[in-house]
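The chain below stands alone and is given as structure tokens, in the form predicted on its own.
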């Protein structure tokens, strides 16, 4: 069988999602390091985004589509539930993460630190400070959910958790978000447990 290739930069939270998913299923892959908008990324994504995937003659982009394909093609225990209610709740949380949590915490807040676009390269405090009050209700939502659940959808780890973990991990590296997590014991306990999970530990980006 052809080698499964995941195309993208390891530091991308969405690339990390796919790598966690592969680790959960026990699927071997080759990581082809490529930043967004590179020739490698553009070859598999019409907008040059990452991750991309190549498996023989099959090329795909977008993390959710890639995980769906891997789940269907490769054997192994899946973090995508088969029960219709659990599956729907998993998709519900993935949607919340991709449409609300990621845009605010990663694209605005984190980007204000790491991709500020300022003349002197210093953090863009305008973007960062505008994001902070909007992040509070998102962390509160997660605290309420995780106060009574081991994982986002209940007792079991699902693909929804794979989407959330990289974001929360990156939030611990930034001062205001790290404080928000520290003030929410259920979120902090959840993240501590997930960072010790083998599929997460073995895929933590090193660069």
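Numbering follows the first chain given and starts at 1. Model, not experiment: these values are computed from the prediction.
Quick note: we don't show the form predicted together with a small molecule, though the next part is all about it.
**Student:** Only one of 125, 107, 134, 89 comes within 4.5 Å of the small molecule in the predicted bound form by heavy atoms, so just point that one out.
**Tutor:** When the small molecule is considered in the predicted bound form, the option within 4.5 Å is 107.
**Student:** Quick check on this chain: which one of 67, 164, 50, 53 has a heavy atom within 4.5 Å of the small molecule in the predicted bound form?
**Tutor:** By the 4.5 Å criterion, the partner-contacting residue is 50.
**Student:** Looking at 179-187, 193-201, 21-29, 6-14, which stretch has residues with any non-hydrogen atom within 4.5 Å of the small molecule in the predicted bound form?
**Tutor:** It is the stretch 6-14.
**Student:** Find out whether any non-hydrogen atom of residue 37 is located within 4.5 angstroms of the small molecule in the predicted bound form, and reply yes or no.
**Tutor:** Close contact exists here: in the predicted bound form, residue 37 approaches the small molecule to within 4.5 Å, heavy atoms only.
**Student:** Counting only non-hydrogen atoms and a 4.5 angstroms cut-off, does residue 62 reach the small molecule in the predicted bound form?
**Tutor:** Residue 62: contacts the small molecule in the predicted bound form.
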